[in-house]
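Just one chain is shown here, as structure tokens, and it is the form predicted alone.
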Amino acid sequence: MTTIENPTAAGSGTAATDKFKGAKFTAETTPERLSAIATEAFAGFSALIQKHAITYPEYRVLKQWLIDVGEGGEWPLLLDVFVEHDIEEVNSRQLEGTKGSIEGPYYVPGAPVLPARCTLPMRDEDRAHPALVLRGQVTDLRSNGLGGAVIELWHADDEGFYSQFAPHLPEWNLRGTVVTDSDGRYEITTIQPAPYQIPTDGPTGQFIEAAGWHPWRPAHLHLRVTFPDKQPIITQLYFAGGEWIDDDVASATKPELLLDPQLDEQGRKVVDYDFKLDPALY
């Protein structure tokens, strides 16, 4: 009998924060642009406070909660769940290619490099589930195949756990870096993940519970698709008819991102999905 140690919000939050802090990010934001954004942000807070007549006890609870979010390492979780979908929507308006979605806090670079036709690393207990085969082609906007394009794929297991964020899973379980063939084609065998709750035993979960919301995300595959001089695609693919598709806590689902796998003669769930990459913006 296998005993599963559930990941905690603190453990997942710390892991996500540490991985994010490992990179240093910059943006070419002028002082004038920063001033304009900050001024409107604080004006928005001011209007909210006036509209709802925020009390001092509520203000002190907010301050304590913000401190708890930081100390619990949950800023990547909180921002990726409640803010990133708007950032992604704004940035995608100038793109013509495949629809994107949020990256989320569970991306880890450096997954094992795999050939165009491959199976993701997985445990024997994962292999006991029906195989899911995701296949297709990576092209430019003119449908020219992009040989050597890189597809990073990661997702939760059938219980909703991610490797490197759940202590009982092998390091690279259900994670891989797939290189397309000379025509840009790929065929990846994995399993269908389960819906999952974002960690709820920390301040993010306490906030969701206090607001009377739910913490569920629909089952999904995460993908990053890259090629030199092309705009990367960061997206999530969901499953038509799945739970929480129409009520995702992260507000990240889109009709264009729904998969409808069909059983083949081998009993595998097979689905085709192509990626069209825009020219690089920056």
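From 1 onward, residues are counted along the sequence shown. Source: prediction; values computed, not measured.
The next section is about a form of this same protein that is not shown, the form predicted in complex with 3,4-dihydroxybenzoic acid.
For the marked spot (Leu77, Ile102 and Arg217), a heavy atom within 4.5 Å of 3,4-dihydroxybenzoic acid in the predicted bound form is present in each of the three residues. Out of the listed residues Ile188, Leu153, Val81, Ala166, Val81 is the one that sits within 4.5 Å of 3,4-dihydroxybenzoic acid in the predicted bound form by at least one heavy atom. Ile198 is the sole member of Leu132, Ile198, Ala111, Ala116 with a non-hydrogen atom within 4.5 Å of 3,4-dihydroxybenzoic acid in the predicted bound form. Of the candidate stretches 116-124, 133-141, 175-183, 190-198, only 190-198 has residues whose heavy atoms lie within 4.5 Å of 3,4-dihydroxybenzoic acid in the predicted bound form.
Residue contact check for His222: one or more of its heavy atoms lie within 4.5 Å of 3,4-dihydroxybenzoic acid in the predicted bound form.
Interface membership of Gln236, defined by any non-hydrogen atom within 4.5 Å of 3,4-dihydroxybenzoic acid in the predicted bound form, is confirmed.
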